[in-house]
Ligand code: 5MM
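Only one chain is given next, in structure tokens, and it is the form predicted alone.
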């Protein structure tokens, strides 16, 4: 393992003014997104859609530092035969790969899940590296509900995240460590804060046990935020203040950067929260975005599976990428949302 090279890639992933496009939806997830825009989820349509994003020259070169790919996508070629990973590299962004294989029910823990995919991960990482991937992603899912999360669910998922991260670094691949506390419930922001604090503390404890080099990783956490069904939704400033306080309490300064997931927030909410955090300033790590739906909902709708709408889809993608890029520097304003190119 060459830590200097891993650190260089990790720093590039959190370059100020750029963020990571999460284009790693599973086949099931992208089918739901395509169903919403009345597009059949065929391999060709999925390829065409992602090619549209990767050929968005302004967005990719100015505002995107890296792209997380799904296994199908990393092996696909564009219509003209160019590997999609090459399109990403040519834009100046870094190709990455989602390597977890989804979740399974956690034994003895009703309503809780564990992420799987560690078997043969070392062999898969070698092939992904050869294909051009320089970072990877593994998502752990922690739900908040009556009596959950259990310490079992937190421990098992933190252990798997750390094992994955160690395997990545051994393969000269930067791990994105993603412990996601879901925002689906009726819990308030303080409950989210408490659970996320437990999850992050346990995750970093396991990372130390597995001898993961913190300088060669990127953290992808949820924000401290009210559950979607909570009657009292926290303000933008409260989300920003509590998330920054939480991260300062849990995340070592050695970590180069934190790239938030959007986790079901609306496009503008995800942007506003990131902007407010960066306006607080004085942070030991870079704060940026690693959004999926919050970057892609607008371009998907604009494209709607039609070749004649590719330019419109690219404009919508560029706008959202630019808004979040400004937020990653604390320079976003609501008024800018109306100025779509």
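All values reported here derive from a predicted model rather than from experimental measurement. Numbering follows the first chain given and starts at 1.
The protein also exists as the form predicted together with the named molecule; that form is not presented, and the subsequent description refers to it.
Problem - Residue among 293, 46, 273, 286 with a heavy atom within 4.5 Å of the named molecule in the predicted complex - result: Only one listed residue qualifies here, and that residue is 293.
Practice task
Report the residue, out of 202, 134, 139, 187, that has at least one non-hydrogen atom within 4.5 angstroms of the named molecule in the predicted complex.
Solution key: Only one option qualifies, and that one is 139.
Practice task
Work out which of the listed stretches, 328-336, 18-26, 5-13, 315-323, brings a heavy atom within 4.5 angstroms of the named molecule in the predicted complex.
Solution key: Only one stretch passes the 4.5 Å heavy-atom test: 18-26.
Problem - Within 4.5 Å of the named molecule in the predicted complex, all of 149, 191 and 228 (non-hydrogen atom) - result: Per the other structure, none of 149, 191 and 228 touch the named molecule.
Practice task
Could you confirm whether residue 262 comes within 4.5 Å of the named molecule in the predicted complex, counting heavy atoms only?
Solution key: So residue 262 counts as contacting the named molecule.
Practice task
Report whether the minimum heavy atom distance between residue 180 and the named molecule in the predicted complex is within 4.5 Å.
Solution key: Yes, contact at 4.5 Å.
Practice task
Note that the named molecule is not shown here; using its position in the predicted complex, name the residues of 214-242 with a heavy atom within 4.5 Å of it, in sequence order.
Solution key: The one in contact is 220.
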